[in-house]
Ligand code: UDX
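Okay, so here's just one chain, in structure tokens, the form predicted alone.
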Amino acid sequence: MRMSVIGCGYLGATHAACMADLGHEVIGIDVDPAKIEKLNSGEVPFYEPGLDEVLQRALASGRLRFTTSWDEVAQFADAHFLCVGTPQRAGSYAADMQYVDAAIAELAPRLTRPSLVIGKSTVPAGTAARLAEYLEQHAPVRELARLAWNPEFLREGFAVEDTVTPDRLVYGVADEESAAILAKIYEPVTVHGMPVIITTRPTAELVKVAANSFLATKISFINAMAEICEVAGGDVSVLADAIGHDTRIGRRFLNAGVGFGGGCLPKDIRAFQERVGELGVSHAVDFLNDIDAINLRRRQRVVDLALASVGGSFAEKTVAVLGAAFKPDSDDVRDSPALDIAASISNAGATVRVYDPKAMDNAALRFPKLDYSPTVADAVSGADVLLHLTEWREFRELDPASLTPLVRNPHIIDGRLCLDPARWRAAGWTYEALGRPTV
């Protein structure tokens, strides 16, 4: 099929490259000419494992190109995937819908033949109905400009895998023809046999925010248990293993630590609260306020532990931070717990040195006052305490004995609970972790 992908950020660029690699003819559009130039030259403007190879292969096939021209997009494609961002609105919990609305306003008057617009962006409930009405009113083909909702479930670091072999596909449609078009688009994907759920547009809109709210709840639950373990003398990692064997609970997403961040979970659960309040049932998600608060408390707990480890004052102290991205295998620093902690300690008077394998350029743009080191050794040199805040494999495989001579004080706080305590202690380090006993 001939399709367009509107918005070539993380979601859009991944979707465009993968759809073309699966055999479709795809044109991507974005308002940023520099981004379009990079993509057309085969350069992914962010870090995502494996995506550069898929992009270059799709470009070489002749089935993929990128543009800034709306006229070109409307003339070329019969299906249009809406993949623009919906960030948190400044000064509010609500989602900022200006990019979605602007894209539809550009596309609608150019739809001169039957078309299907397919929303993938994470939006408040009711958005699809509003956009469908707008399309019918402003598209020259009127009701033949249909709208479906097809939420995305990409995990950063696994985006290619999640696009071509997802664990489920959700089609939110208002008519059988839209469902048939989506089935044709995803035919190269559904041969793998994953579930396909055909539902209404309102349900499809809710699926993504409900899933993210549940995941955030599970993460914050185990972090609440970590708070209790710290005062009761328990070990939250063993606790998670024990309850995770219950098949009703499961072990995934029961990893205690500094909590979740990134461009999805935090803003999605806040936007969900805002929209549910607008619908008049805010009490239904009151618990999400506590989930958010638990998540943020874990960041402050690391700051408190670091402060205690250096004697109660950060003045004239050096703190080394391993990690800047909000998760490994990503260069995304949006709402990064690691950078939030680093900035708090820097503001309290410490010299903070940060090292991350992929995210330092993005981190420096957002937090230019922090020091950024080219290697782990440079970051830890002369440090009074070392904070492990993003669980990159490089950090998990570090030899602690090689770092001991470099630091002023061999004290590590494992904010991700994935280092081997015995190995670090054997190398002369004081090892601390959230929710685990300190020996």
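When you see a residue number, it is the position in the sequence shown, counting from 1. Just so we're clear, the structure is a prediction, and the values are computed from it rather than from any experiment.
Beyond the structure shown, there is the form predicted together with the ligand, which is absent from this document and is the topic of what follows.
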| item | value |
| --- | --- |
| Site test, A226, R298 and R436 vs the ligand in the predicted complex, non-hydrogen atom cutoff 4.5 Å | no |
| 4.5 Å heavy atom contact, T112 and the ligand in the predicted complex | no |
| K358 within 4.5 Å of the ligand in the predicted complex, heavy atoms | no |
| Exercise: V207 in contact with the ligand in the predicted complex, heavy atom 4.5 Å | no |
| Contact of R275 with the ligand in the predicted complex (heavy atom, 4.5 Å) | no |
| Selected contact from N212, T318, N150, T163, since only one has a non-hydrogen atom within 4.5 angstroms of the ligand in the predicted complex | N212 |
| Of F221, Y93, F287, F253, the one that lies within 4.5 Å of the ligand in the predicted complex (heavy atoms) | F253 |
| Stretch from 153 to 161, 134 to 142, 232 to 240, 306 to 314 whose residues place a heavy atom within 4.5 Å of the ligand in the predicted complex | 153 to 161 |
| Residues in 246 to 282 close to the ligand in the predicted complex, defined by a heavy atom within 4.5 Å, in order | F253, L254, N255, G259, F260, G261, C264, L265 |
